[in-house]
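Presented as structure tokens, the chain that follows is alone, the form predicted on its own.
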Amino acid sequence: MSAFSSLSDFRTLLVDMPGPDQEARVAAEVRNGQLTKPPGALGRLEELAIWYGSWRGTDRPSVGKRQVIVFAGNHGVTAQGVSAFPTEVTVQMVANFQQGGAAVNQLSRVAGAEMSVHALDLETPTADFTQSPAMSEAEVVVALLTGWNAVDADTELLVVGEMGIGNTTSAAAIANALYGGKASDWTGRGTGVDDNVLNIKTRVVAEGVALHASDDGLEILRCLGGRELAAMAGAIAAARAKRIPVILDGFICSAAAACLAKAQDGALDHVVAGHLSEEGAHGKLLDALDKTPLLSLDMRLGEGSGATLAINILLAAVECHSGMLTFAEAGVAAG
């Protein structure tokens, strides 16, 4: 049986999602205050460990199965010339992921994460969103379900990433529709387009936003998104249902997540931002989501690469929190 069969069903699921375990959070805070270090000496590592423990329901967490999922989709709007690469590259990169040859494969291995890729109807791009909604309700529900069903029940930490030529255009349109301003505020160079293509992208974003203005985050996802963005949103929501913490990747992943945040207050409480992408508007989007990135390394690859790298930061935070001795255990005067 499907978890949902319509956007209305999905919206209801978002309303009914579980929250963190507050008793576990308090106990983790107490433990943190007893560890052999000055208060606050590990900075955000302390906050991360407590946050992670509260979602896993324990004051002394460990991070078991780490899952990295890359979703791939093609965009009809690329016919307007918004990308430096042809849509065939999406298919080719999926094959590269499958044979372990992409950056995210290597970063997943380093982080001890299980990585998989899901291609969503690559032979059928979404519609050009300057002419009509990118997806019908049936299409966006299928994509949301693909993401929802891709999250394993025994996963304890999730990263979702994407591959899709043209998807920075889609992400820019979503961000512009959700948070206002001018199309140029949100539209960047993506894969490295020149000024002429950037002007085309900006026009396309403005036209799409003008056509599909809405206060409904899920409708914005349907009308301006892509199958891979919807799948990421579905996976992030599924993780919340299972109390699995999530690390966000870059601009495109954050735009997908923003649709959930717009649809339901607090929908991203189980989420942290893995890194600040070099895609120009990512910082502005993270500010809108009230998320502070863990890393800033001038990355702009996508694929879930920045978030996968950030897994290692979370692992370090949890290991320090759960593995350190308290002052009493170590026989050290607390001062």
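Just so we're clear, the structure is a prediction, and the values are computed from it rather than from any experiment. Note that residue numbering begins at 1 and tracks the sequence as displayed.
As for the form predicted together with another copy of the chain, it is not shown, yet the points below apply to it.
- From the list 254-262, 174-182, 144-152, 96-104, the contact stretch for another copy of the chain in the predicted complex under a 4.5 Å heavy atom rule is 96-104.
- Using a 4.5 angstroms limit between non-hydrogen atoms, residue 86 touches another copy of the chain in the predicted complex.
- At the 4.5 Å threshold, heavy atoms of residue 21 stay clear of another copy of the chain in the predicted complex, well away from it.
- In the predicted complex, residue 285 stays away from another copy of the chain, with no heavy atom inside 4.5 Å.
- By the criterion of a heavy atom within 4.5 Å, residue 213 is excluded from the residues contacting another copy of the chain in the predicted complex.
- When you look in the predicted complex, the only residue of 57, 40, 266, 64 with a non-hydrogen atom within 4.5 Å of another copy of the chain is 40.
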